[in-house]
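Single chain ahead, written as structure tokens, the form predicted on its own.
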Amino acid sequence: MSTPAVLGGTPLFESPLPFMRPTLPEFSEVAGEIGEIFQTGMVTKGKYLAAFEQAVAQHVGTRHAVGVSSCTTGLTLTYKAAELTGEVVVPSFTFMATVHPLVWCGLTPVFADVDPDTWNLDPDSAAAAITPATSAIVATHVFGNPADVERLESVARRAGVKLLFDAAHGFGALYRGKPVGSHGEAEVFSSSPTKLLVTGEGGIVATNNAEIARRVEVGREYGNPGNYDTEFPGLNARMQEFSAILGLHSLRMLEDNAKRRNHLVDIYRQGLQGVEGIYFQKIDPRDRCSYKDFSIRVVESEFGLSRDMLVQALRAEGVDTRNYYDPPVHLHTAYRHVGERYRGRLPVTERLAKECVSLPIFSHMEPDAVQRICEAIRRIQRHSAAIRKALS
């Protein structure tokens, strides 16, 4: 068992360990409600969506929560509803869906660097990226680590620009002891299967701004306020009743899921403590990360192998991983017209993109699986010289 599988040893997992699995309620818990909507035919725009929106608003502490078909459509409608113009400062170390809606809304993304420890948007870099054409800053809670809200609010206030959050990873995260979701003009959540709160596909726009909430509600109906005279070009972005039912039950499980993931991360951190070249994302002790993903940095000069070599060796052990966010958005083909302008100007982003790897985590994952992954990484490093030679 001491020889890594990539060198011919026995894999630590006989069957491949999935990167993630959604943690869902028992079918018996939702069967009656699903049966009801089959009987009534009310499969969209019904009482369960209203109940889910009310429950989420109460949970995050906002006056409004609007259910949408995805976080991406939610961001698109929110950018439109907030009446953004010109340039918007945004991180490049993020999922592409943070940025794409800006382009769909005719806005210009201006990329700023991230903090080397928290991996969230660096407030100083965001401030430096602001120009007279800037209308907003969009920050993210990367992997569920709450952004530096207070400093970002200060930057936005001084510059006279709006602040919004792509809170796709936010369900289960706590900022200063309270659920993420009530800051800036709005925070937009995802509830897709990789998240702690699952609706199948879907998202939520949480806001204290009544006009933004109203415009998002109209926007998810094509921009039609009910009289077929559209206020603005909207989308079909409604959340189904099926999704709302699943979301209501998933919301009741959220706190347990968040605590469970944090317990698994404690095991990860203990198991990898002292491994040279492995670094963890820094979480402010006043906050709680949702750990939508558990990610590590792999510094090749210290670990003995590159991130990609570790990924290959873990795959041989039966461990699936993800390289978020490589390439960073400013180097995507879709942004090649601006990418070269930023090459070398976002050093932390480009370094993290090459060094970060996300390890398997899901809310009902067994601790033993985490311990075996840690052992796999340890034995891979012990044989790093041989593995480097074999993979070369």
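Start at 1 with the first residue shown and count on from there. Since this is a predicted model, take the numbers as computed values, not measurements.
The protein also exists as the form predicted together with a small molecule; that form is not presented, and the subsequent description refers to it.
Screening 228 to 236, 124 to 132, 210 to 218, 97 to 105 for residues having heavy atoms within 4.5 Å of the small molecule in the predicted complex returns a single hit, 97 to 105. The contact residue chosen from Ala168, Leu164, Val198, Val114 relative to the small molecule in the predicted complex is Ala168, the criterion being a non-hydrogen atom within 4.5 angstroms.
In summary, among the residues Thr72, Asn120, Ser92, Ser290, the only one with a non-hydrogen atom within 4.5 Å of the small molecule in the predicted complex is Thr72. Contact check for Ser190, Gly202 and Tyr325: all three have a heavy atom within 4.5 Å of the small molecule in the predicted complex. Ser182 falls outside the set of residues with a heavy atom inside 4.5 Å of the small molecule in the predicted complex.
In the predicted complex, the small molecule sits within 4.5 Å of a heavy atom of Thr140.
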